[in-house]
Every structure is written in structure tokens, then in C-alpha cells.
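One chain is shown next in C-alpha cells, namely the form predicted on its own.
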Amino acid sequence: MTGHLIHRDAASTLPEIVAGRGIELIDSTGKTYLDACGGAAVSCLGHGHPVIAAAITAQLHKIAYSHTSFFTSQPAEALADRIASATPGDLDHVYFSSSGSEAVEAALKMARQFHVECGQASRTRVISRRLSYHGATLGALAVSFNPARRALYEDLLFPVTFIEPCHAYRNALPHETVHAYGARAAAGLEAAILRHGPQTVMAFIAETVVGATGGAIPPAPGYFADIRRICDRHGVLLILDEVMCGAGRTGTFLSCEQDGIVPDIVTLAKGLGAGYQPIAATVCSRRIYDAIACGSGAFRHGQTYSAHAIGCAAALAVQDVVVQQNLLDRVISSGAYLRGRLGKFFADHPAVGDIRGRGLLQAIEIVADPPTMRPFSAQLGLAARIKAEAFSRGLLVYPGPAVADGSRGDHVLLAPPYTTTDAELDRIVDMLGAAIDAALVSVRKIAT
């Protein structure tokens, strides 16, 4: 592609997007696309929402930017209040940034400073999980287990201990109940803490519902309750990454509410501002905030665009719409409808191994042999082929490779707007089915 913009793929030729309305996007040729993934689970209110546009414009006419070392702003204060009132327990102090990666960086720094303030400077180790993705910046990438994204930068990343994810479809033993499996998966965290020594472990970080790398993997019942007890027992902070699954995506403001636990720190982005402005949040417990505020007195972190007034105004308007239109209830009902349609449509499909998710974060894992869960060869690039087939049909989906073992396995993630109608969900499923079948035809031709 000619021009001066650095694209994700230097060889790609991308259509130019010119407009969006609701669940549809429109390119410069007039072709329309159903946005079934919200870009990357971002556009939770769809495109062209007049209320959000009006809020951004109104704030622009007041003040666009001021540095947080000089001023606060009404949108930032109001959004922090809103988040504190929406989150469970004592998660009531908020630091704003511009992306999920930045929110995770802030969470890691916050966890480290907490332990130092409490006289436990020996706690430096982070434990994370395989099949995780927490962001593209170096700190967030270090705690992510995505071999393809890490490979080039491996020598720059700090050491992290990775344990097995809670992935019942692939890891539960035959005849093992989901509760027993969840307890066994959680026990891996305690084993890792004891192996390194509790006095060295700073935090455990996990996505409540695993997003892009795992494909909407929900936790087994009881898993996070066990994780919470293990962290408390050993003085380890629990950081939940809800950049993708939070802000209502699964039917509650925080997905972990459905697991009956409260983390020490949680990160939010994507659906917080619905893509209308860059905005992310790192939310910590009162205990963590007080240790810093009553200790050294300042969180040793700062970014130029933190608490940007327009970003906060946009996010506040998004959250107003979600509340006023009862969209969390709609996410629950629409998520159940989508799950039912996927289950019915792909019930006897010869290449669908698992359909999973929570709310309007759903995924299909494609396998070569469902009884054995054997994945297709990575060289076939099946997930990318499904994305291309869907795109040619006017459907946007979020593909993911390497879900089986870090190098093989294909899934397709769906994360449509909270406002999507049942009729639109029907179209998404029908179009996705055609795209998957077309992609399978192409890979089977290669295989023969």
C-alpha cells in the first residue's frame, strides 16, 4: 500500500472507512459491513450514536485538554464517581489512561508501589496464565502469553511465571466435574506461589473471561472464588483484566460480579468509551489507595493524556446510555439468544469443537476432529481465512489462532454492540456459517 501511514501489514490494501450507523460500517465504495465484533470488542453502542457525539462536541466547546498536574475536570471526576458506584466492594479509586495496555501498565506499577509502601519490597514477581493477552506495551506484553506477539521482544520482557489457564474444554479430565476442574486449575496458582515463596510474589493477573488469545473462555464455577482465597492467604494482589470483558460486555458492569468476587485492581477500556474516544481505567481498592495516599502520598506514575476531558465526557455519556436504556439486561438476553442461535446452527457441524462465552462475548473454536479436539495445522491459517471470507461477505469478525496450545488452534470471536437486534444476530450467524464453510473448503483443497 502506498502512502506514509504505517499499517498493520505493509502488504495490505485496506478499504477506506467513511461512515457508520448502528451495527453497520460503510466504506468509500458504498459497501456495508455488519460489525459483529465491535472492532476488538470496543463499539458496544455501535457507530454514529448522536448522544455520544453531542457529549463530545459539548465538552470540546468547554475545554479539550488540561494537564492533570495543574487541574482536574468535571467529566473526569464524574466518570470516576460513576465507575466507583458501578463496581462491587471497595473498588472506589480510579486512574484514567488512553488504552487497555496503559491501564495494565498502571495496574502493575500500582501493585508494586503498594507492596513497597507496606514494607514488602521483596514482592516483585507476577504470576499470569497461558492463553492470556494483556496488552502491547512492554510491561503488559511481559505478563501476556501470546507467543506470536512476544517473539520479537522476548529479550526485553521481565520474567513472569505462567500457569495453566482455566479452560475446561481442553483441560478438564474425563468425568471431572466443572467444579472439581476449577478447583484443580486454581490450585496451580498456589503451587506457583509456594514454589517461588509468597514473600516474592506481587500479583496474579488474569482476564475474567479470556478474550482475544483464548476466545471468550469463561471461568469454571468456583474458580475465581478459590483464586481470591489463595491470593488472600499469601498476601498476593489479584489484578483482573476486564479491558475486553468489562464495562457491561458480559451483562454486569464487571464480569467478575458473576463469579462473586472483588479483585484488588481491575482494568477497563474498550466498552468503557465504546470507541468514541480513547479511554481506559485502572480501578483499585480503598486499601491500595490508602497505602499510597497515607504513605509516600503520590502514585508514582503519570501520562500526558491521563483523564483527558473529552475522553472522560464521551465515556460518561456512554455509561449514561447503557444505564438509561437498561442495556446490561439486554446484553444478558441478547447473549442468550446469540448463544442459542450459534448452538442450533452449528450443532452438527463437522468442524465446530466448542461454543463458549458470556453475554455478548461469544466464540467458536474450529477443530479438525471434534471428538479428539485436534486442531488444524497452523500453516493453513484457518482463522485468517475465516476472517477474509467473512469480510468479503460484509461481516466483521475477530479471528484468533493458537488457542489450542500456543501455536495451533483457531477460533472466531463475536462481540456485537449491546444494541444489536435479534434479526441482526440472525444475519451474523448465517453469514458466519457461510464464511466458515468457505474457509474450510479452501483449506481442505490445500490438504489434498
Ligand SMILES: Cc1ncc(COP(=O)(O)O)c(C=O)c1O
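Model, not experiment: these values are computed from the prediction. Residues carry their position along the shown sequence, with the first being 1.
What follows is about the form predicted together with the ligand, which we do not show.
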Tell me, yes or no, whether Arg129 is in contact with the ligand in the model of the complex, where a contact means a heavy atom of each within 4.5 Å.
no
Indicate whether Tyr133 is a 4.5 Å heavy atom neighbour of the ligand in the model of the complex.
yes
May I ask you to state whether Val243 is within 4.5 Å of the ligand in the model of the complex, using heavy atom distances?
yes
The ligand contact at Gly100 in the model of the complex, heavy atom, 4.5 Å
yes
Going by heavy atoms within 4.5 Å, which of 226-234, 117-125, 243-251, 335-343 lines up against the ligand in the model of the complex?
243-251
Pick out the residues of 196-229 whose heavy atoms come within 4.5 Å of the ligand in the model of the complex.
Glu207
